[in-house]
Each structure stands twice: as C-alpha cells, then as structure tokens.
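Taking the form predicted alone, here's one chain by itself in structure tokens.
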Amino acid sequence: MFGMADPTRVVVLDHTADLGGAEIALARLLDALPPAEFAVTTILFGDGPLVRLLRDAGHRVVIVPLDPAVRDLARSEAGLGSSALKAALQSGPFLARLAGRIARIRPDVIHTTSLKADLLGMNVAKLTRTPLVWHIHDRISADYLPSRTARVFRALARRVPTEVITNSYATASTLEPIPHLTVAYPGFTPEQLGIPIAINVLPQPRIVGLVGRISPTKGQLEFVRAAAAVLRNRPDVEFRIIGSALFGHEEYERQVRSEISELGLDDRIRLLGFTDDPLAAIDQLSLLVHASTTPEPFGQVIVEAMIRGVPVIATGSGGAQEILDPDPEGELLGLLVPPGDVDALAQAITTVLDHPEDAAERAARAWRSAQDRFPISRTAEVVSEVWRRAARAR
C-alpha cells in the first residue's frame, strides 16, 4: 500500500511585515492553499502586523532581521546603485543567517514576494541550490523604480528565477518576454463577498472615499482637489481618506492635511487613518475612488469594492483599467478617468452622484464579474501549479 506523498516544502521571503497590498494578498493565498500538498514557512526580515496575522491563522513564520536602513528604504530610493542596497546584497552576516535558516527547512521552492526579497533571495537560492520563484507585485518601469534598477531587474527576471509570477498583465507588460511567466490575480476570500448595494437608497449624506496607504502615487492630493470642485455644487457630500502613510511618505500625508485646511474643508473631508477592516470602511461608501497618478500594478481595493457592490471610479491605466475592462457584453464596470486629471475626476464623481441608478447597474455588473475573475481559490490554483513546476525543476 502506497503512503501519501510528503508535502512540497516552500519558503516565502518578504522584506516587510507591514500590511501592504502584496502582504494582504500573501495572507489570503496562504489561507487558500491545500495544506496536505504544501508546507509553507514564511521568513520575514522584520517584525510587524503581518507576523501576527499569519501566526493567528496558523501559518509558520520566522523572522530574520535585516538592517532597517535597507528594509525600510522607499522604492524610489532603492536603486541598485544605492549604498544601502549594495550593502545588503553583499551582507555576509545577513545572507549567512538567512541561508542557514533556509537550509534547515530544506525547501523544494523559494518564493519571493517583494522586489527587495527578489534581489536578496537570489544568492540564497543559489547557495542552497533551490528553485526560485519571483512573485512580482510592482511594475518594473521608470515611473515606478529608478530607471537603471528597472533595466537590470528586467534582465535578471529572464535569467535568475526558475519561474516568474505577476499580479496582472499590466505588470507582466513591463517585463521583457519571459517564457516562464504566469499571471495570478490577487484574490478575495468567500467571506469577503457582499451583495450589490442599491446606491439610490443609501442614506444622506453621500459618502465618497479613497481607501489605501497615503502616498504620492495614490493620488490623495488629486482626490482632495476634486472633492473641493464637487463640494461647490454638492455641499451635501462627505469625503473620506482611509489609510495612513507607509514607507517614508509621512511628509506627503502632511501635505494632504495642509491642502484640506487651506481649502477650508476640514469639516467635509475626513482623514480616518489606517483600518484593519477595509471592507467595513468600503461598506459605508456611496462611491469608491481609486485616484492613482501612476499606473497601478493591480488595484486590490477596486476588487474589494466590486465584491461589496460599491460603485468605482478609477484612473484608466495599468491594473485598474485591466480590472474594470468592459464585461463580455462591452458594458462598463466602473468609470475611468485620466491619471492626475482633477477636473475629469470631479466630473466623474458628480456623474455618479447625479445618476445613482446607472452607478448601481455598473456596480452589479462589476460584482458578477469579480466573482468569476478574482476568487482566491483561482489564485491558489495558479500559484500551486507554478510551485509544482518549480519543484520538478529541482
């Protein structure tokens, strides 16, 4: 009688334990994987909310500390020429500790899920002779990264990892052609699914919100300026910014607060800070705005609004446009506006508020589309197959 095969051992590397989009996506993915087939250990380079989130869900987490000067480097500063990143890539003690931890686990696959982890994981995968999977959540382009870093990273992606996963076709398009590339959309869990909200029966005042970390690329300043234009004709509307600054963007948050005060809108635009329950915040909205000024790799909060039945306006580029692409009948799933265009954003918000029935119909179509395209079960199936291929390559 044949026994059950041993599970495939996977080590996941992430440089941060803060709850960014990639980290939330990772937590949902780990929950959805078949435990009998995969034994996953997540190694993080610092402590933080992700550690508690994963451990509370029963996942194994190990912390191998990395110098905070490297770990917390902003993406825009993390050029391959930066002294801090060079030091990390050449850091014998850190790489030795990391390799030692991984060697004791004897993984069949190493899976890196951030750009810093991708780079730091290269030498460790080579030292331990383990197939390497890069899960890329960032667009590898000059509007997202220092240009030299983007060029080198694209070249490395073709040569170093055994397999590459991206979170969207928009992200994949920023890489050079790679035969071993797979797109796996970040998924939502069954518990997150709500029902479409009839926008025309929501109580007054109408509430328009932007949910996500505060950052220059996320468009909070443009959102505030569009809100000012809308409020001139619709003083009954309340605007909310839900999120906080991460990765060194506290100065930008101060700029946003200052702009609100200078416009005299402290009583109409509320900054609610970080929430550990974004769906509850989304459920209170009449409209979710995704105002990113540069193309997004994906746009997880858009999907979260879709599965709750909340109408969406997003900037028409990158992953946001991919998510809100017309359904098979060619009907819109949400309104798209040009990135950085405050007037267009204000007009779109006004259109939704003035025509709630149309907005509710779009939201219902988006709700149906999201259930087919973005369930976490599909994400887990795609990633599992990549891991199987990578393990066989060993």
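Quick note: we count residues from 1 along the sequence shown, nothing fancier. Predicted, not measured: the structure shown is a model, and the values here were computed from it.
Keep in mind that the form predicted in complex with a small molecule is not shown, yet the notes after this line are about it.
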| item | value |
| --- | --- |
| Listed range touching the small molecule, judged in the model of the complex by heavy atoms within 4.5 Å, from 281-289, 174-182, 157-165, 299-307 | 299-307 |
| Site test, Ala22, Ala25 and His137 vs the small molecule in the model of the complex, non-hydrogen atom cutoff 4.5 Å | yes |
| The small molecule contact in the model of the complex: Tyr144, any heavy atom under 4.5 Å | yes |
| Any non-hydrogen atom of Gly209 within 4.5 angstroms of the small molecule in the model of the complex | no |
| Non-hydrogen atom contact Pro186 with the small molecule in the model of the complex at 4.5 angstroms | yes |
